[in-house]
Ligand code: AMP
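Only one chain is shown below, in structure tokens, and it's the form predicted alone.
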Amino acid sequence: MLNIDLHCHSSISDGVLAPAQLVERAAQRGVETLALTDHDDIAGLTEARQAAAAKSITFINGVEISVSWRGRTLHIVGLDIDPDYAPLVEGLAKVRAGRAQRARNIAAELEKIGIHGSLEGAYTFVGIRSLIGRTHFARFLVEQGYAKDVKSVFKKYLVKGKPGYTPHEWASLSDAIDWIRGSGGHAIIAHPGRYDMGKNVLNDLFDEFSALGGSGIEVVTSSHTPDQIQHFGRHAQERNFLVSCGSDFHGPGESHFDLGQLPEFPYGCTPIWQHWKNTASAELIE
């Protein structure tokens, strides 16, 4: 398998490295094809694309859209998108607009348990203020000594049932898929193994996703165990889903995987890059 990474984050959203720095790290690690998929924003694509061209890396425009589905938050990755497609641009702006209120709500919940100044503290870690997210709160809490690392903060404070959690309504699944497909891209369910849902609910999600025009699922990702990689590979084959892979890299020391060097897909899966609309990119990847 070629060294391809189709899911990572820059400082535009909740990554540590600027887009060009992210590309530089990818080049150092031998990545041949890279997609930048910042949360709910495409502002880093131009810088990343230029840096990738200088490193002879095939660059794929991407985004990761926050979605609400049956009371759960899901992430839908859009790959090979047109960043100038107006409905996508407008839709992402609406999603970002809700982040400030969610941040205030998280800070209020943390205030209740005696953690003060978290909103201001979280903003010190934000590159673009409209993209404040839970990871920025996590970094503040680590800095203040409330946990040893970002992963521990999420488990202790920022997930459902914990004191810093607050519900939020993101984009609908249908809207996210429409924005991605309308721009000429492919919609992919990110890291399906991370969602807290049983077999029947997961099947319902895959059924609805497919009916709405979703293209596939992320089979190889940093949060999937080897067994989950095989499990979701079988799902993809049974449903004729395309498969994607990505490190979900946010920064050194914060991610399970570094950029690139991902495990191979299970036998029989069809990679997403065989269906790029950009035939030049497809030829390079093949």
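Just so we're clear, the structure is a prediction, and the values are computed from it rather than from any experiment. The numbering used is simple: start at 1 and walk along the sequence shown.
One more form of this protein exists, namely the form predicted in complex with this ligand; it is left out here, but the text below deals with it.
Participant: Ok, Phe125, Phe154, Phe206, Tyr146: which has a heavy atom sitting within 4.5 Å of this ligand in the model of the complex?
Facilitator: By the 4.5 Å heavy-atom cutoff, the listed residue in contact is Phe154.
Participant: Would you mind picking the one in Gly91, Gly193, Gly133, Pro83 that has a heavy atom within 4.5 Å of this ligand in the model of the complex?
Facilitator: In short, Gly133.
Participant: Okay, which stretch from 197-205, 171-179, 94-102, 110-118 lines this ligand in the model of the complex, with non-hydrogen atoms inside 4.5 Å?
Facilitator: Partner-contacting stretch among the options: 94-102.
Participant: Heavy atom to heavy atom, is His186 within 4.5 Å of this ligand in the model of the complex?
Facilitator: Heavy-atom contact with this ligand at 4.5 Å: absent for His186.
Participant: Indicate whether this ligand has at least one heavy atom within 4.5 Å of a heavy atom of His39 in the model of the complex.
Facilitator: Within the cut-off, so yes.
Participant: So in the model of the complex, does any heavy atom of His235 sit within 4.5 Å of this ligand?
Facilitator: Judged by the heavy-atom cut-off of 4.5 Å, His235 is well away from this ligand in the model of the complex.
Participant: Does Val142 reach this ligand in the model of the complex, with heavy atoms at most 4.5 Å apart?
Facilitator: Residue-level check for Val142: no, no contact with this ligand.
Participant: Does any residue in 236-260 get within 4.5 Å of this ligand in the model of the complex, counting heavy atoms only, and if so which ones?
Facilitator: Going through 236-260 in order - heavy atoms within 4.5 Å of this ligand in the model of the complex - there is one hit, His250.
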